Structures are given as C-alpha cells and as structure tokens.
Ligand code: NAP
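Form predicted alone, single chain, as structure tokens, below.
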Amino acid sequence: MDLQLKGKVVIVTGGAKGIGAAIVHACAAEGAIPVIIGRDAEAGKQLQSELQNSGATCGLITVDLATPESCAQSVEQTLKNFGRIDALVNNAGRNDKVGLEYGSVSEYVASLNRNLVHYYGMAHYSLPHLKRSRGSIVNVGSKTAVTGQGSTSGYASSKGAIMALTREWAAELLPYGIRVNTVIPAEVMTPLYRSWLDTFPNPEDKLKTILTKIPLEQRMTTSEEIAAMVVFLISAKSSHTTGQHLFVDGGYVHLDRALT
C-alpha cells in the first residue's frame, strides 16, 4: 500500500529510542523525512546515521522539551532544515511514578511538564505550518489513562489529558483539514519498560505473569506495531479519521480477562 508519504516532513518527539525510533523507521521506510527530537544525543546520532546509510533522509534535533522555548526552537530548526512540516507525532514522555500518597505537589507539576505540556507546545508552534500543509497530529497515549495503574498520578493524568486534547484539537482544527488522533499502547517492550522489569527480583517471572493477561497471543505489542498505526494515521489513507483513540494492545484494555 502506498501511504503517499514520500517527501513529507514528520516530527517525532522522543524519536531516538523505543516506540519513537520505530515510528522514525516506519516513516523513513515510506519515503517520508522523519525529524528525531529528543534528549539522548548518542542514540539520536546512531539512528540518524543508520537511516542515512540506508539512503533515507532524517533530521535530528537534540533538545529537552521542558520549556516552551525548546518546543519553539525545535519547530524553527525543522523549518530551517526542511522548509515544511506535514505531521507531528507527540511521543516523548515516561512513566515517572509520581503518585498521590508519596509524591509531592511540585513533583506532580514536574511530571505534567515532562509528559503533557510539551505536547501542547509542539502542537502550538507547529500549527501555522500544519495549516499550510493540511497536515496531521498523532499523540501517543497510554492505557494508564483509562485503566489506572497506581502510584503514577502524574503520568496517568497527563495521558488522560492527551486523550481529551486529541478530541479538543480535532474539533478546533476541522476548518483547516488537520486531523488529530491518539494511539494508545498497553504493554510494549521498550528500553524504559525493560528497565522497569529489571526492578523486580525475578524479571522474567514478572514478564510471564504480564503476558498471560494479554488476550491476543499472550505476547507484548511490538514497537513496530504501534509505529504502523501511527504512520497509517498520518497518511492520506486515513483521510477521514480524526478525533479517535486507537488502542493497539492485543485486546489488553477492553477484552474480558476470562479470555486469558
């Protein structure tokens, strides 16, 4: 299937590793020009070099999106390098375990800044350019927004807000033909997920327990499966899809646990 993404410039925040890196690979495979935005300079350079060696064009901006200024600079640098923006994939963030009982108010605010505020910032500064291209936005969410997890108030509420903003932006941007959707993973083996597993005394036993709860094939969702949905949503093949929350999770959130 030709997704008609050749030459399209796609910003991917948190694009150097994990789900973000898979999205960058998927964009490049379709002939798009992914722009990696993230803090990890070494991982970003390695991914950019890998793609360039394969003949793809790939941008890299090493930055921490903690401030409005860094979001604005990321957009400006993308325009300077490539002259346009056709899609924004908001993906950067991490489950930082800022809970209600043991967290502080200042830690909670920091978690919102880490996981939510830059989604707005990147969309805000990209918007004039997305209007010109009639582009699209895909936000990467998390199942914690709808299931809860415990001891992660900052991350869960950030992801809940992202789901709300997806509907709000989809409504606001209808006059410009800009589509906005959210992809919601559940259990995906990323470097951060692996680090979390390794905090348990028996990580492989913990993983086996988790896998038994995933209805479809009792396996983790791959980063590539998340990326495939993201790339479809930014493409012309999903031209009448907006304001949607799409769960790519093997039925983890919505199917009856009795099935497992």
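These figures come from a predicted structure and were not determined experimentally. Note that residue numbering begins at 1 and tracks the sequence as displayed.
Beyond what is shown, the protein has a form predicted in complex with the named molecule; the following relates to that form.
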- Message: Does the named molecule, in the predicted bound form, lie within 4.5 angstroms of each residue among 66, 190 and 193, using heavy atoms as the measure?
- Response: yes
- Answer among 52-60, 39-47, 229-237, 200-208 for heavy atoms within 4.5 Å of the named molecule in the predicted bound form: the stretch 39-47
- Item | Of 126, 91, 78, 158, the one that lies within 4.5 Å of the named molecule in the predicted bound form (heavy atoms) | 91
- Partner-contacting position among 74, 136, 142, 166 - heavy atom within 4.5 Å of the named molecule in the predicted bound form: 142
- Query: Does the named molecule come within 4.5 Å of any heavy atom of residue 250 in the predicted bound form?
  - Reply: no
- Message: Considering non-hydrogen atoms and a 4.5 Å limit, does the named molecule approach residue 154 in the predicted bound form?
- Response: no
- Applying a 4.5 Å heavy atom distance criterion, does residue 186 contact the named molecule in the predicted bound form? yes
- Message: Would you classify residue 11 as touching the named molecule in the predicted bound form, given a 4.5 Å non-hydrogen atom cut-off?
- Response: no
- Message: Suppose contact means any heavy atom within 4.5 Å; which members of 103-140 contact the named molecule in the predicted bound form?
- Response: 114, 118, 119, 140
